[in-house]
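Single chain ahead, by itself, as C-alpha cells, in the form predicted on its own.
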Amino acid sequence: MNEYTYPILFGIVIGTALRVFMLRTDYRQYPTYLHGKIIHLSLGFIAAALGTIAIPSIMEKEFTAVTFLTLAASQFREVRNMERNTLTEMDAFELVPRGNTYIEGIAVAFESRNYLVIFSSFLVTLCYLAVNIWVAIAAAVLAFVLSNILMSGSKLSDIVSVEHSELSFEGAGLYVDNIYIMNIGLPERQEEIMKHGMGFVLTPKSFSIRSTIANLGQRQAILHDVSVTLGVFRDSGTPALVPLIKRDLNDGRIGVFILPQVKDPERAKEIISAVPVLENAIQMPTKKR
C-alpha cells in the first residue's frame, strides 16, 4: 500500500456507486434482466477506475497513462452502438415500436452516464489527494446531486397541455376532437374502436413547441410508452387497430388515438404527460443563438 491506495479505492467506490444510482429499471423495460444490469455495472466500474487512476498518473508524471481516457471514450462509443443495435433488433418485435429517435436517446444516455462516472471519480480522487478526505466526500455529494439533475430531462407536461377527447366517426373517418386520424370502413372495427379506444389532444404551450411535438420520433415515443404501460388492444396483422397520432395543420395541435387494454383516461393522461421530451426532437426555431 502507498499514499495513492485509499484515494484510488475511494474514487472507484464513489464512481461505481454513482453508476448504481443512475441505473434504473422502469416502464421502458430496459435494462430488465440481470445480465443487462451486470454489463452496465461492469462498465461503470471500469469507467470509475479509469477516472481515478488518471490523477496519480499525472502526479507521477506518467502522462501517457492519460491517453487511456481517449481509449475509454472510443470504447464507450462502441457501447452506444451496441445499445442502439440491440434495441433496434428488439423493436422489430414490438406491437407498438419505440422508433429510432427514442432508441438513439436511450443509447446516448447510457454513453453519457459512463462519462459522468469518469468525471466524478476524477474529481473526488483529485480532492482527496490535493486537500483531504472530507473535501472528497463533499465533492462526491456534489457529483450525486449534479448527476441527478442531469438525469432528469423535460417531460411533455412541461411543453404541452394534455386533454382527454372523445372519439367520433364522420362516415368512415375517425376523429379525435376535429383532428382526422384515419379511415375505418368496416363497421366491426368501428365498434371495437369506440369500445376500446381513447383520444387525447396535446396543445403546445408556445410556438416553438409545435416543431418538437410534430417530430415523428417524439410522437412514436408517446404511443410506445402508453402501450407498454396500459397494454394495447391489437395483434400483428390488424392495421386498423394501430394506435396513431395525427397533427392539426392549422394550429399545431396533435390528436392521440390509442387502444389500451386498460381503458383508464386519467392514467393514460398521466402517462402521456410523463413521456420524456427526446433530445433529438427538440427544435428552437425562434432562438437565434
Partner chain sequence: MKMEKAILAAVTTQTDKVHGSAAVFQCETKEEMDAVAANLEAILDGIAHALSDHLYIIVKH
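Predicted model only: the values in this text are computed from it and were never measured. Numbering follows the first chain given and starts at 1.
The same protein has a further form, the form predicted in complex with its partner chain, not shown here; the description that follows concerns it.
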4.5 angstroms heavy atom contact with its partner chain in the predicted bound form for S206: no
Report yes if any heavy atom of I133 sits within 4.5 Å of a heavy atom of its partner chain in the predicted bound form; otherwise report no. no
4.5 Å heavy atom contact, V141 and its partner chain in the predicted bound form: no
Could you tell me if A73 has a non-hydrogen atom within 4.5 Å of its partner chain in the predicted bound form? no
Counting only non-hydrogen atoms, the one stretch of 115 to 123, 155 to 163, 84 to 92, 179 to 187 within 4.5 angstroms of its partner chain in the predicted bound form is 179 to 187
Just one of L216, A172, M194, L150 has a heavy atom within 4.5 angstroms of its partner chain in the predicted bound form, so which one? A172
Single option in V228, I39, A240, L69 placed near its partner chain in the predicted bound form, where near means a heavy atom within 4.5 Å: A240
